[in-house]
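Only one chain is included here, represented as structure tokens and corresponding to the form predicted alone.
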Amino acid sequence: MTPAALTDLPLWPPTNLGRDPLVPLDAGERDRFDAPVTKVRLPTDATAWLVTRHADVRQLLRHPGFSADLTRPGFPLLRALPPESLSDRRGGFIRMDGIEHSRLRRMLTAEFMIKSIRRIEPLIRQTVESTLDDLRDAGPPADLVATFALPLPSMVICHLLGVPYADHDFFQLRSRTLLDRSAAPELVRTHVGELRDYLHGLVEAKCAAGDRGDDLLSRLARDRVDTGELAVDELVGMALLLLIAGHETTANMIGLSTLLLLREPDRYAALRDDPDQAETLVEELLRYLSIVRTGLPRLALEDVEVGGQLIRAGEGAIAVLSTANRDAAVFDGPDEFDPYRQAHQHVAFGFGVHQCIGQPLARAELRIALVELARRFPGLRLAAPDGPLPTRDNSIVFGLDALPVTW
């Protein structure tokens, strides 16, 4: 493709710092990407097919003819890959295909089943209570992201994995770099290496310990590493994936969900007065906010028709979860927030074999956090209702940098 023809294509993802944080795409952006499948230019000057409709997104994400392996030539990258060794990839199963992916994922399936998450709900509730105490002590006013939304899922995933929460500043800073599309490849490479070194030391200590704890990494060391099913480097990669995904996604959902509920005080009050509705409300929040707004990239391994467009082998495609979740063919009045709708068909956690394994944990944390927040802080309101809020526009996982509140 010539340079002129390339620049004629719309750039994905669009940059728009003035956009309301509750709106994934504004009206102009929706018009630009309104077709079921649109050819777009990426920041790396590669091209890809943007897939926006609910049915097409599901087809793309479940089709075996598309790869999630970002090291394949032609994979639609939003930023250049840092120099990478084989050991850097080991254990990162969300970027693997086929047997390699399913072998590692199966080792975690039981840990994140609904019945397993129900067993740890007392821990989640206790963590919510303690972080709400911290919010109370910090204000009013206080930054809800720094004192509640971010510490809560960080503490929970640290407890589950057996990672010392005292090290949260270290891994939160580096996690943010890994998700930042504007970060220099060299910095990404450095921070990946530092995180892997940190987790490698932790995993080796757990492997060497005679009397192991009951955390997830200790169980995997005992049940999988000792038996030869899992290499230490693979366990390190799995720990890295779970640590980042386990706190970044839920933290951003709590922040954005709180902003939405404070803009609609009746909804917030209803959450306190009728907590049994929380499960339905959480599903609608997941649909409406869709925090993975850059979409899920894939590479076609064979010719596949999606949404009437032939995507040829070697071409990139991106499944846009946020537009799929606002597809009028599936959701009536899709741009309206309606906590009473049945939103369970949303694809906020992806779809197909790579669908987020931690979704039962994320749902439980979000539900308990919002109900207890509404119960403990019935008079919560924004401390800067008229000012723009700082957002994480360059992050793969969208969210608020801060949410000033008072009560």
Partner chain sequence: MTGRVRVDRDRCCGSGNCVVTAPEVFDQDDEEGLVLLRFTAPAPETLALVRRAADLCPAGAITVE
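Positions refer to the first chain, counted from 1. For clarity, every value in this text was computed on a predicted model and none was experimentally measured.
Omitted here: the form predicted in complex with its partner chain. The next part is about that form.
Q.
Would you classify Q345 as touching its partner chain in the predicted bound form, given a 4.5 Å non-hydrogen atom cut-off?
A. Residue-level check for Q345: yes, a contact with its partner chain.
Q. Within a 4.5 Å heavy atom cut-off, is R367 in contact with its partner chain in the predicted bound form?
A. So R367 does not count as contacting its partner chain.
Q. Taking heavy atoms and a 4.5 Å cut-off, does Q359 contact its partner chain in the predicted bound form?
A. Judged by the heavy-atom cut-off of 4.5 Å, Q359 is in contact with its partner chain in the predicted bound form.
Q: Decide whether P36 counts as a contact residue for its partner chain in the predicted bound form under a heavy atom distance cut-off of 4.5 Å.
A: Taking the distances in the predicted bound form, the answer for P36 is no, it never comes within 4.5 Å of its partner chain.
Q: Just give me the single entry in H168, R105, R181, R72 that has a non-hydrogen atom within 4.5 angstroms of its partner chain in the predicted bound form.
A: It is R105.
**Q.** One residue of M113, A138, L187, L123 in contact with its partner chain, assessed in the predicted bound form (non-hydrogen atom, 4.5 angstroms)
**A.** None of the other options qualify; the answer is M113.
**Q.** Whether R58, R62 and T109 all lie within 4.5 angstroms of its partner chain in the predicted bound form by heavy atom
**A.** Verified in the predicted bound form; spot residues all in contact, yes.
(Q) Based on heavy atom distances of 4.5 Å or less, which listed stretch (373-381, 40-48, 22-30, 337-345) is in contact with its partner chain in the predicted bound form? (A) That would be stretch 337-345.
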